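As a starting point, one isolated chain is supplied in structure tokens, in the form predicted on its own.
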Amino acid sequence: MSEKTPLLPVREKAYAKLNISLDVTARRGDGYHDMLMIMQTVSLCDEITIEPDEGGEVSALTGLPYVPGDRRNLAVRAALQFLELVGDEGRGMKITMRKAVPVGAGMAGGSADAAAVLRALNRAYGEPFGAEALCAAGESVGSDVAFCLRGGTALASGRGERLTPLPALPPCRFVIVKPDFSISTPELFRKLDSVKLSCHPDTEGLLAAIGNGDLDGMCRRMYNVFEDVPDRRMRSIRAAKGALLDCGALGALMTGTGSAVFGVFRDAKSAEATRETLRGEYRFCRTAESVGPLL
């Protein structure tokens, strides 16, 4: 057996993320934006299985017609990047993804899949790369991949790739709902560029509340500047937030560029009661909890 022969099949969970806050601080000359975000890994996850493919192709299989299985899929790009770095180009792999994280929801589902592929392949090849090298590989695939690799609670800046680990959130549960539409991230950035933002998250206050274990203080300060974009779909986002708050959420927010919205609850019992109340209104309605660091 070659020293580069991976131990396949290998399985890994691809955990979603939520934005506790999201700020856009500047538009950069390279077309990207400078961000300042507090992000949290949550237990809602896709299941990834990587198996050998004797045909020499790297492909992804989801069973969803709107999710590509070729290089347009971040998981495929992550696998190809890893194979190039490890010097094993040309090896075929089939990546099967059992999707639970909704697409176009602002929960980094594609980035989480890519991160899971990198973690899984690194393990299968005997861990040739440490966390820093693996995250550098992830950055070349997508802006959120480095966070999804590391997981836990973090302050993200730059394009989202510069990460500062934070203390764990105060104990809580999340209820996540998604209206029956998705939102294009590039489209929402274009709309954001057309307006002058008047409000921004109190990031320092949020960091202090998290550090002090102050769940109420954290929830009062949660903010996402994309909710201020002039877009008719934000009416549905506000309605979802209102529904969660009416059920007793301490705070509610759209995550990323949407369209998923989450509410924060103090305990599992109140979160589950809210899920039971709202699942008839929202086809996607799930509970989740915080997940700690993954690397």
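Counting begins at 1, following the sequence as shown. Small disclaimer: the values here were computed from a predicted structure and weren't measured.
One more form of this protein exists, namely the form predicted together with a small molecule; it is left out here, but the text below deals with it.
Visitor: Tell me which of 239 to 247, 223 to 231, 63 to 71, 261 to 269 has residues with heavy atoms within 4.5 angstroms of the small molecule in the predicted complex?
Guide: Answer to the contact question: 63 to 71.
Visitor: Is it the case that Arg150, Glu161 and Pro165 all touch the small molecule in the predicted complex, with a non-hydrogen atom of each within 4.5 angstroms?
Guide: No, none of the three is in contact.
Visitor: Taking the small molecule as it sits in the predicted complex, is Gly138 near enough to touch it, meaning that at least one heavy atom pair lies within 4.5 angstroms?
Guide: Gly138 lies outside the contact set for the small molecule.
Visitor: Check whether Cys172 has any heavy atom within 4.5 Å of a heavy atom of the small molecule in the predicted complex, and answer yes or no.
Guide: Cys172 lies outside the contact set for the small molecule.
Visitor: Please run the contact check for Ala105 against the small molecule in the predicted complex: heavy atoms, 4.5 angstroms, yes or no?
Guide: Yes, Ala105 sits close enough to the small molecule in the predicted complex that at least one of its heavy atoms falls within 4.5 Å.
Visitor: Would Asn122 count as touching the small molecule in the predicted complex under a 4.5 Å heavy atom rule?
Guide: Contact with the small molecule, no.
Visitor: Which residue, Asn212, Thr96, Thr185, Ser157, is the contact with the small molecule in the predicted complex, using a 4.5 Å heavy atom cutoff?
Guide: Checking each option against the small molecule in the predicted complex, the one that comes within 4.5 Å is Thr185.
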